[in-house]
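The chain below stands alone and is given in structure tokens; this is the form predicted on its own.
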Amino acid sequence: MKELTLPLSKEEILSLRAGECVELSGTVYTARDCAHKRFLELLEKGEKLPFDPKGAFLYYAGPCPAPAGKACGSCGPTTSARMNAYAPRLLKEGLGGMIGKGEMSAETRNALQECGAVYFAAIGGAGAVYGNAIRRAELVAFPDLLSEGVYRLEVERFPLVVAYDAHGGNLY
């Protein structure tokens, strides 16, 4: 198990191989379908995203409200394929990668290679495990989307598997 701290250097990203298990610590941003649509609308207008995309990681999830004494409730991954229409453009903006559930399109996989980025798979049905790895959660954009707004999460030992590496490796 590799322990990694975000942000990852380009060298760290390039060292990862499909099938490797990792634990991530650091900052990730949540974003689901509606947030991604707004990201592209902002970019098309020449406006900035609500976070710096350079080296950032997007977690395809919508956190549940935090129970007493916790930073976040359950926070399991959503189906990544729904972000295929947006992922290549965001990767070209400098994302270090994404975290989600399931396969993504050939176009997204090609963009990961072209941009030197990585896609981590999270385990579907393990939302409580991921919620327990979140130390801090803060809404940073689109409050009208409720749990589908963009949250900045501070995670510690967030368990993932490298699904697509920057060299074309494919766990699936």
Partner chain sequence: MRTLDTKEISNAVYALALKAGRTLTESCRHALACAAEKETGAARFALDTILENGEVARAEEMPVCQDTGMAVVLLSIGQEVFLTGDPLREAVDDGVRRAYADGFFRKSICDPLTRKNTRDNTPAHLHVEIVGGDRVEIAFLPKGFGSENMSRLFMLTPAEGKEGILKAIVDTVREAGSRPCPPVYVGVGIGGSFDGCALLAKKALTREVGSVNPREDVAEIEREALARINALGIGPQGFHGNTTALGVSCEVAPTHIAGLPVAVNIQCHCIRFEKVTL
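Here the structure is a predicted model, which is why all the values come from computation and not from measurement. Numbering follows the first chain given and starts at 1.
Although not depicted, the form predicted in complex with its partner chain is the subject of the following passage.
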Inset, instruction - Considering only heavy atoms, tell me if A122 and its partner chain come within 4.5 Å of each other in the predicted bound form. - result: yes
Legend entry - in the predicted bound form, L160 touching its partner chain (heavy atom, 4.5 Å): yes
Inset, instruction - Would you check, heavy atoms only and a 4.5 Å threshold, whether G96 touches its partner chain in the predicted bound form? - result: no
Inset, instruction - Give a yes or no for A85: in the predicted bound form, does one of its heavy atoms lie within 4.5 Å of a heavy atom belonging to its partner chain? - result: no
Inset, instruction - Give a yes or no on whether each residue among S15, F51 and G116 has a heavy atom within 4.5 Å of its partner chain in the predicted bound form. - result: no
Legend entry - in the predicted bound form: members of 112-137 within 4.5 Å of its partner chain, any heavy atom: A121, A122, I123, G124, G125, A126, G127, A128, V129, G131, N132
